[in-house]
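Before any questions on how it binds or moves, here is one chain, the form predicted alone, in structure tokens.
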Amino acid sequence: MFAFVKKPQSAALAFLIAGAVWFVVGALYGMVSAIHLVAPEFFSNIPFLVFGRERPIHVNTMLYGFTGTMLTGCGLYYLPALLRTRLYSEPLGWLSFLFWNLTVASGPLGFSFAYTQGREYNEYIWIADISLMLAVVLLIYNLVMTIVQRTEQQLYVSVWYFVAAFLWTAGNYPISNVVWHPSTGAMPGLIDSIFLWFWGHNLPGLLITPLATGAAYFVIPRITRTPLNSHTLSLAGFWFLVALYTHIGGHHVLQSPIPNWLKTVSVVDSIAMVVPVSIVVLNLWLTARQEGQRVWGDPAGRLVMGGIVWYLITCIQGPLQSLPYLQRVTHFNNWTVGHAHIAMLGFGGYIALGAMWHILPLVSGREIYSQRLVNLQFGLITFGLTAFFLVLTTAGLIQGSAWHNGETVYRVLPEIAPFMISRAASGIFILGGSLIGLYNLYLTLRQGRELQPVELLRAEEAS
């Protein structure tokens, strides 16, 4: 057993497999939650299957369990590959895997029985917070020591993004989760909303975004077989991200009496996020120029580039909806739910899946069992997510417009009932995509053609 733990790239493979499993778990909880919005009496009187407990399980499992775990597995492969060395310590990688997944598992096991801190995106109980922080600290040490022993002098931008994601998390997570108050995990009074949304927005912005961006910068040039359009431009995008994103969580609570200066900074920086997003999108698109057939013809490349398209849509919609005037209609309704799904499943999830399918043969030594199943997964998730986004955006506009014109909440409910049915139907396709992906991963590891050493060497040299 210990020999397997020390096997090169085994920790990366473990993270990839766990990410695929958590995708299915998170999608299942999302599906049941969607059904409850249509038929609240479905599985009634079962305490651990009420909507208020299912929803945080779904959200946290998809964010930390699926997207975060899978992208971490990708990075544990590509960082050493880019540095032309081995991961400093595979056992430390496995220890990180253990602590990280204990935290993720505490969601379904704890939230189901009301063990939660009850703060959106910060629901994990204190001991789970500590477990996650241990995983992050171990990852940082492992990655830094890998950089120290590298043989490649240049630090490619993917290395910057991957290491920074955990450095930022090490600083942001304990502050927002108020770990110095173990009993509550919260600050008293209104100030807690500021602490809450400090991580509530830095979770997607300074953990998932750098993990996904780093993976995209690794995969796209490999598939197109062209150099990155501009390394300097990629580093400019990196520094713009950290300079602007840290402050924008306040735009979630513009309607509350937080300081006006914080509201202003949040809105201004939200609008300014157009800059780093444009840099990433244009840099990758210019890298792939005249190579569209290779990108869109490769199942993994199609997923990654699809994620970049969702990133562009997300970051057009996001800055606009941070404006106080527009928030009068778009806030506190299904518009925001639709936006969150294209950000985390569309951007982060697509790139996680694409990078996983690209990297899996390199860490497992086996060819993907079925590229057709990868294509089918892409098609199912794309159809489901697109319908999901359109349905929830429309429902949100109906809700927001009615409320803005003085209509009561309960009188709007019959109007959005058909949209909740469509939402649940769309979720079937996303759940189906997660199941097909896990099935394909299992068959790849069990029945995929073993790659010859020459094939593996050639693939790794392409890094």
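Because the structure is a prediction, the values reported are computed rather than measured. Residues carry their position along the shown sequence, with the first being 1.
Below: the form predicted in complex with a small molecule, not depicted.
Chemist: Going by heavy atom distances of 4.5 angstroms or less, which of 321, 382, 117, 370 would be at the interface with the small molecule in the model of the complex?
Modeler: Filtering the options by heavy-atom distance leaves 321.
Chemist: Which pick from 357, 111, 197, 97 sits with a heavy atom within 4.5 Å of the small molecule in the model of the complex?
Modeler: Result of the distance check: 197.
Chemist: Thinking of 270, 277 and 336 as the candidate spot, does the small molecule come within 4.5 Å of a heavy atom on all of them in the model of the complex?
Modeler: Every residue of the spot touches the small molecule in the model of the complex.
Chemist: Only one of 119 to 127, 214 to 222, 85 to 93, 231 to 239 gets a heavy atom within 4.5 Å of the small molecule in the model of the complex; which is it?
Modeler: After filtering at 4.5 Å, what remains is 119 to 127.
Chemist: Report yes if any heavy atom of residue 252 sits within 4.5 Å of a heavy atom of the small molecule in the model of the complex; otherwise report no.
Modeler: Yes, contact at 4.5 Å.
Chemist: Report yes if any heavy atom of residue 350 sits within 4.5 Å of a heavy atom of the small molecule in the model of the complex; otherwise report no.
Modeler: Output for residue 350 is no: heavy atoms all beyond 4.5 Å of the small molecule.
Chemist: Considering only heavy atoms, tell me if residue 159 and the small molecule come within 4.5 Å of each other in the model of the complex.
Modeler: The answer is no: residue 159 has no heavy atom within 4.5 Å of the small molecule.
Chemist: Considering only heavy atoms, tell me if residue 295 and the small molecule come within 4.5 Å of each other in the model of the complex.
Modeler: Although the small molecule is absent here, residue 295 would stay clear of it in the model of the complex, with no heavy atoms inside 4.5 Å.
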